[in-house]
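Just the one chain here, laid out as C-alpha cells, in the form predicted alone.
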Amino acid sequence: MKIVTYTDAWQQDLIDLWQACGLTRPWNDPAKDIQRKLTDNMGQLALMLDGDKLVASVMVGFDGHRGSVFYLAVLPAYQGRGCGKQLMQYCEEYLLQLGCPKLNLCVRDTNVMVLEFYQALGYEPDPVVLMGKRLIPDN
C-alpha cells in the first residue's frame, strides 16, 4: 500500500470509492468537492493505492487554528486492515509539520462504527455544537 497525492486521473475512481462508502449526499456534488479541495494551499487530498487500485482516501486541511479531516473512505473489502489508521497517522503527521495544535473531526452521530474507529485512535467527543450554513448550492 502506498499513499499518493490526488491527480485528476483518479476523479471517477475517487467518486466511486466515496459512493461505495456511503459518503456522498445529494446536496454535495463530489466532483465540485474535489475541485474545491485542490484550491486549498494548506491541505491535501491523499489517496491510498494497492498496486494501481484506489482503496482509500482522505481530505486533510489546516486553517491556521485547527486541522480537519473529511472524506476518510476505505473500500469495504479493505476495512479492518489498518488502512484508515494509516491514513489518519498520515494526516496527523502532515498537520504536525504545519504546526497544527488540534485536529477536529465531523462524524454523523448515527455512524457508530466510524465513531468507534476514531475513539480507538484516541479521539474523543468535544462539547461543541457543529453549525453550518450552505453558501453555494451544488444542485
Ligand SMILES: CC(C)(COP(=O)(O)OP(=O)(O)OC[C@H]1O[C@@H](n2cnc3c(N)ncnc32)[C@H](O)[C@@H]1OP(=O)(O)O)[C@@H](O)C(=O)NCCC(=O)NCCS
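Sequential numbering from 1, following the sequence displayed. Values in this document were obtained by computation on a predicted structure and should not be read as measured data.
Missing here is the form predicted together with this ligand; even so, the following discussion is about that form.
- Each of 23, 72 and 118 is positioned with at least one heavy atom within 4.5 Å of this ligand in the predicted bound form.
- Of the listed positions (28, 35, 111, 104), a single one reaches within 4.5 angstroms of this ligand by any non-hydrogen atom in the predicted bound form, namely 111.
- Residue contact check for residue 85: one or more of its heavy atoms lie within 4.5 Å of this ligand in the predicted bound form.
- Taking the partner from elsewhere, residue 80 is found to have a heavy atom lying within 4.5 Å of this ligand in the predicted bound form.
- From the list 35 to 43, 92 to 100, 59 to 67, 72 to 80, the contact stretch for this ligand in the predicted bound form under a 4.5 Å heavy atom rule is 72 to 80.
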